[in-house]
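Given next, in structure tokens, is a single chain: the form predicted on its own.
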């Protein structure tokens, strides 16, 4: 297990370096740079000063080497768009995305897996309706899901239509601030959770159906095991392996941030910050967001491997080898 964790940490380091370096180079190669944000009336002297400040007057390799030298000390440079250190901006946005991702993943798990157990072990009208709803949730793009939920929120007033907090909640006590954040969570969390819950339901249903036809389950039926114990104690522990295999991918995808959902719902997370940085060609902010996203992906992959190892002894043996 120590060797396994060492390999995963090395993989995380390589992934973060590769993703952030690629983001920096691609942003550098894209048409335009941060000086385009100065406006049409910027003087040549001002443009030259900004280019020198952000290393744009250097070759791409020299700029990358200087950035890596600072990044190993956790200094990712300054953001042109916000005129602040990238580390603080990315840390705050990553924390906001983590809160949203944890809530969305919890909802997806609590909704998708029980429904998958139900549809995989039952037949009838109710199971058919759940399958149809899952296919719809998987098929609809996140943009349409977000816009639909915003429309529903604006019509019903069940929850705020966007943002993370209300304006009046900026100067209140912690308890009131947390309650205000909780009121803003349902819309973006549901937009992220619904397609993942539908994916979990489809995977769990197929795996449950396959598990119920295994020889040891047929033997349990012959011994007179009740239907509830057959599903909960025998079939489900076997059928949960495919969920564990994709759980890490879901964690990494959620923690990396969703461009569409966070932008439509005005959630100040990593995805929205990355989008704004790309639009402004804010090269160091793009690289910092990409590095954090790569770290989240590596973390999600590690969690998925550990869950799979806990559910499948064969996976533990393969990881220990």
Partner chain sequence: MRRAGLALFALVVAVAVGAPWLAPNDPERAFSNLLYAPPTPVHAGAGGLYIHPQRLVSRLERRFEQDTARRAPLQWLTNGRLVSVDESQGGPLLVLGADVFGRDTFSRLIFGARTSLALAVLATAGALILGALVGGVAGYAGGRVDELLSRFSEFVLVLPAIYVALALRAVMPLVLPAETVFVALTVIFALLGWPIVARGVRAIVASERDRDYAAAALAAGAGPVRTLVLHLLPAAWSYLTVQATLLLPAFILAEATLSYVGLGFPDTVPTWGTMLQDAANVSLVAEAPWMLAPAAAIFIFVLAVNLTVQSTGRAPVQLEP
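These figures come from a predicted structure and were not determined experimentally. Residue numbers count along the first chain shown, from 1.
FYI, the form predicted together with its partner chain isn't displayed, but the following is about it.
206 is the sole member of 214, 165, 109, 206 with a non-hydrogen atom lying within 4.5 angstroms of its partner chain in the model of the complex.
Residue-level contacts in the model of the complex: of 266, 68, 42, 30, one residue has a heavy atom within 4.5 Å of its partner chain, and it is 30. Although the partner is absent here, residue 88 lies well away from its partner chain in the model of the complex, with no heavy atom inside 4.5 Å.
Residue contact with its partner chain in the model of the complex: residue 48 places no heavy atom within 4.5 Å of it. At the 4.5 Å threshold, heavy atoms of residue 127 stay clear of its partner chain in the model of the complex, well away from it.
Proximity of residue 18 to its partner chain in the model of the complex: non-hydrogen atoms within 4.5 Å are present. Picking from 141 to 149, 68 to 76, 217 to 225, 112 to 120 the stretch near its partner chain in the model of the complex, with a 4.5 Å limit on heavy atoms, gives 141 to 149. The candidate spot formed by 249, 258 and 297 is fully in contact with its partner chain in the model of the complex: every one of the three has a heavy atom within 4.5 Å.
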